[in-house]
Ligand code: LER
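Here's a solo chain for you in structure tokens, the form predicted alone.
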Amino acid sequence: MQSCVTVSLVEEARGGPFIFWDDLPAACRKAQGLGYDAIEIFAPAADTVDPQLLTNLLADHELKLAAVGTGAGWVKHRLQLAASDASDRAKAQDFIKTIIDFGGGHGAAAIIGSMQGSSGPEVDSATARGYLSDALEKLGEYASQYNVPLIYEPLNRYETNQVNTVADGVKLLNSLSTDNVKLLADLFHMNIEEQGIAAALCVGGSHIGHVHFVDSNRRPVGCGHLDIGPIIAALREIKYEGYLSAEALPYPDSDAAAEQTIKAYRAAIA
């Protein structure tokens, strides 16, 4: 398991759970200084970051790009995959494709979280799930050209009514014909929805493709009440070899949060 730290470039997400903000070169420099293996980028759009600049930053700071988020599609552009209007759903898929292209060029997977949308007055539950499944089928296959999976994230009940638990995520993935969609296990969401986080990870098994390494209160690991030991043991049991990515609030500030996370990561995997 490798360490990863998040970087947000999205002004509309200000106050959200990302360790570093705004300055990508500075974030890379600090990540390298602390000994992180990778960064995860949350960008307003695919063309926000110059590909060659990113290639140079990663090489110069001996970092990998672990994943790229699509959440700006919702928080900035108000696009989501369960929209009632077909043209809006198409726009959402097109936006995600551009993020897949952005990440795939650097060997990184794209994450679908908030863009999955929810059912509601205009779209019933079964229809919304159908829209989501259709999108995951198409986008999972689209991502395969880069030899990376598409990452789908179950969220807590306050953020979506589509899929809230790892078990339901596994059911959704098993209903797809593509095998190129994996689950993101976010410890914050799991703390709300799962009876036991370690047991849920074991249910996820080989479907787990990415982990958001964060404490119960969305602060860095060690600043909440999660018992990380059994969680790491479960990840080892399922032979997870991906990233533990710090999608956490910059508490009490970005530098302190980054230092706390890497300290907790090293203690957890020791």
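The numbering used is simple: start at 1 and walk along the sequence shown. Only a predicted model underlies this, so the values are computations on that prediction, with no experimental measurement involved.
Below, we turn to the form predicted together with ligand LER, even though it does not appear here.
In the predicted complex, at least one heavy atom of L155 sits within 4.5 Å of a heavy atom of ligand LER.
With a 4.5 Å cutoff on heavy atoms, D88 does not count as touching ligand LER in the predicted complex; it lies far away. Proximity of E193 to ligand LER in the predicted complex: non-hydrogen atoms within 4.5 Å are absent; the residue sits far from the partner.
Contact check for S144: every heavy atom lies farther than 4.5 Å from ligand LER in the predicted complex. Of the listed positions (T178, S114, S119, Q93), a single one reaches within 4.5 angstroms of ligand LER by any non-hydrogen atom in the predicted complex, namely S114. Note on the partner interface in the predicted complex: the residue among H207, K30, H61, R218 having a heavy atom within 4.5 angstroms of ligand LER is R218. Segments offered: 93-101, 184-192, 79-87, 144-152. Contacting ligand LER in the predicted complex at heavy atom distances within 4.5 Å is 184-192. Annotation for 234-270: the only interface residue with ligand LER in the predicted complex is E247 [heavy atom within 4.5 Å].
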